[in-house]
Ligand code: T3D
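There is one chain below, alone, in structure tokens, taken in the form predicted on its own.
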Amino acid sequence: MSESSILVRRQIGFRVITLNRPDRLNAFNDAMHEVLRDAIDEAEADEDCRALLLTGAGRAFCSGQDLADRLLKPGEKPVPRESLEKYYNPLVRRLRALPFPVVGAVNGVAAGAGANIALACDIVIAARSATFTQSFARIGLIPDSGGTYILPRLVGEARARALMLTAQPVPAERAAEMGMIWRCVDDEQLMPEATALCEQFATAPTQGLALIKRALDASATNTFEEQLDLERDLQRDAVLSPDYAEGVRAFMEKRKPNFRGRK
């Protein structure tokens, strides 16, 4: 485990990435973005990595952008699009497109871009003490990092509008009730639950799970006919994978399958 703004722990079949600026509530600066990008690159390049667990150190998952890193000197003008185009947008795109499941374990405050990075994970489990806040309106910004796309699809437009315009925190238990996240658990059960899920994915048919991710992401904009055609094409790819053949053999032989995953 490297001592830096990002901690990486290699487990059998998956990796745990921890945002590690607890004194700043794991707020992002440019250096942290770059280390996280490299950590995700390494995970994706490792064929033995079949899931990713993303969490935060201390009492926050992530409070978004470190505003101290954006203070301007007298006479300086902000560069509005640079941070989103260089860091945040590539990050959320990457989480959605990784060829294996990404589990977000939200251990505390998830605010601003931090909330939307969490929601970009495939499955989100939150500690009961965690909160999700679209805090952008408090400083005159609009939600970014995919928030205006993902949140309405999770909770509906009426709730998403209210949460974004009021910047009202949502406790984890309420977030689960609203369908914003998958599950709320007691604080001490957060990492055991998230780890158990990644252990499950580490022995699952990873290629098939990656195809599920692709199908779900496309369904947001496809017509019904387009989605049926995509399902047909992706199912063809799934049927041709070694994991499907192994799954059928294991079913017929009444044994546990030994899926190859990404290899």
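Position 1 is the first residue in the sequence shown; the rest follow in order. From a predicted model like this one, the values you see are computed outputs, not experimental measurements.
The following text describes the form predicted together with this ligand, which does not appear among the structures shown.
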Review point. Thinking of this ligand in the predicted bound form, which stretch from 187-195, 153-161, 97-105, 129-137 has heavy atoms inside 4.5 Å of it?
Key: 129-137
Point to revise | this ligand contact at G56 in the predicted bound form, heavy atom, 4.5 Å | key: no
Check your understanding: Contact between S63 and this ligand in the predicted bound form at 4.5 Å, heavy atoms?
Key -> yes
Check your understanding: Is there a heavy atom of D23 no more than 4.5 Å from a heavy atom of this ligand in the predicted bound form?
Key -> yes
**Study point:** this ligand contact at D122 in the predicted bound form, heavy atom, 4.5 Å
**Key:** no
Review point. Out of V170, M180, V92, V109, which one falls within 4.5 Å of this ligand in the predicted bound form, going by heavy atoms?
Key: V109
Point to revise | Residues I6, V16 and A45 all lining this ligand in the predicted bound form, heavy atom within 4.5 Å | key: no
